[in-house]
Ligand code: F6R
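First, one chain by itself: the form predicted on its own, in structure tokens.
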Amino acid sequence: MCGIVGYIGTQTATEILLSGLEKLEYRGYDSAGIATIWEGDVNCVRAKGKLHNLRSKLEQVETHAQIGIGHTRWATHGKPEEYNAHPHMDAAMRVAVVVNGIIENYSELREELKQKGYQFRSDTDVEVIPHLIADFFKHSPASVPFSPSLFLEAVRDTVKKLRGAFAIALISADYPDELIVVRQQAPIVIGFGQGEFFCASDTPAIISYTRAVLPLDNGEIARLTPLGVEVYNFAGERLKKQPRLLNLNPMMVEKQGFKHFMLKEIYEQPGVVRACLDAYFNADWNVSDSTNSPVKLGLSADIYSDLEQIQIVACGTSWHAAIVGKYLLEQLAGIPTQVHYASEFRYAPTPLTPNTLTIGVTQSGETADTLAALAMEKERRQGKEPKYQARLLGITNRPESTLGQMIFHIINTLAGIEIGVAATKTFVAQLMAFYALALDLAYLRQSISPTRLQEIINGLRQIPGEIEATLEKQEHYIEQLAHEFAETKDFIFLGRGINYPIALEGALKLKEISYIHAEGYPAGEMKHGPIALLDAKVPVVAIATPGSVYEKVISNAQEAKARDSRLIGVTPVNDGEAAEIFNDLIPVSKVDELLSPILTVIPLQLLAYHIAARRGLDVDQPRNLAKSVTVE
């Protein structure tokens, strides 16, 4: 969840660290701190709250240090106070440590260290690490045979004692030319510059300085010095690894004139859909082509052969995309599909079924629960007869992530870097991945006619223009409408069929960034309890698009109106019936019901954004949230 950045080179480290932390603040912003080595000492500066508080404190500190580590925190153990902020140090103030993750056995380690006389200044799990390293130095020989560094050995010895998922960066005043980096089940990447080296939890932190990167794998330790980078496994064996070049543009992590990243990313969605169309679909396919699939996902036949069932594991917004995916896979490809919260699936997995595809959906590719669920599924099917063996597919925006290393078959959602904590363009990209997967399976299984297949693909190709029309015609109206809900306490979102998960997603967006209580329901379920919540103070947003459930949603909306709720309708343009029922209309283009989720989610994103902005809230960095949920 937290963000780590480190630097060793010839430039002044402080500004590089701060710049990197600014790019990682989406990972956590409860507190922040940096530690540098200057004139033989570790200088540590920390501050509670957003990064600007740390920057203000650093303006009073003059240093020309060329090595340092930084951290922006999402609190797990210990309140978001300055004394719990990273970096944490040993008693002698010679070792500084930053961590992303959780040390699960910290309590027992803490007690052991207390018995030895070590005193703790924080409530965090992380503070055991610098004390363990100090204890190693206290009892170790002056050198260790076959080791390039006693500091490296101290870290390696310490890591062996830790249980949990973590990434660590460390510096020591006694080893001023070494920056040590560790990975165990939490992401960390090393950057290669000209005579300088970087580490970070995510590539946006270092893309302004280098595109040559090396992601560490689990169980690896890297030693960064002015002479280069050495990588070892936890057993101390030297590894041979090669960096690779990122295909990213530093402008992708800039606002480019938009007030917030979230609004910029909402407006990037037509381009994202076009990128997916270009990548996933054959432009020259037509109904007379009986030899080639219209879809080009590049997945192995092993994924598809004799497929009887699909199960999907995901969290948050990805879970909502998965519910749309379930609808598509069942209605188009005719494959029974289950969607599970990854956090629940881990502890109550479904019975093993033959010929089952398991799909993990995670924007970052680092979501701890989703990765753990996939790892468990892989392990429990290992050694079984062929029809029960694991078939795994990942859907992610970061194919270079842990998910991409864990699973061979990946659908890259091609959304580009998303900085806003509330997912927008990555959600739409996940939907596009599910459309491609469902249509590919439908073609192979001949579960829909070629004419219907062509019709759906043609409709998808019109979607980018329809999104642009919605943004152009409706954003100003939605902004004005949002003014009337700045003081609202509760919202209800309704949808049916394929738009039920869009109601869930609209409610989640509003909760995430405006802190308004909001719930999404299947419209037909309102009368079975939730209708008791309705009165004049509870507005209801209903998604009513032409199709099999349109009249049912209209009827459910009337039930809400009869309880004095203000009705907001996401409906087709020029819908006379809707105009008579709803108090406020947000028109969208009329499209095939099957394709409507990509379009109906846009006004709900805008509504959440403008209500939050009107309330004066931090849209891109909502309280208590982080972009990548890398802890359980």
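In case it trips you up, residue 1 is the first one in the sequence shown, and so on. What you are looking at is a predicted structure, and each value in this text was computed from that prediction instead of being measured.
From this point on, the text means the form predicted together with fructose -6-phosphate (F6R), which you will not see here.
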Residue among K425, K509, R183, H86 with a heavy atom within 4.5 Å of fructose -6-phosphate (F6R) in the predicted complex: K509
Residue within 4.5 Å of fructose -6-phosphate (F6R) in the predicted complex by heavy atom, from S318, Q269, T545, T402, is S318
Do L332 and fructose -6-phosphate (F6R) come within 4.5 Å of each other in the predicted complex, heavy atoms counted? no
Test of understanding: in the predicted complex, would V421 fall inside 4.5 Å of fructose -6-phosphate (F6R) by heavy atoms? yes
Given that the partner is absent here, does Q363 sit within 4.5 Å of fructose -6-phosphate (F6R) in the predicted complex, heavy atoms only? yes
Considering non-hydrogen atoms and a 4.5 Å limit, does fructose -6-phosphate (F6R) approach S201 in the predicted complex? no
Counting any heavy atom within 4.5 Å as contact, can you tell me which stretch out of 536 to 544, 126 to 134, 322 to 330, 364 to 372 lines fructose -6-phosphate (F6R) in the predicted complex? 364 to 372
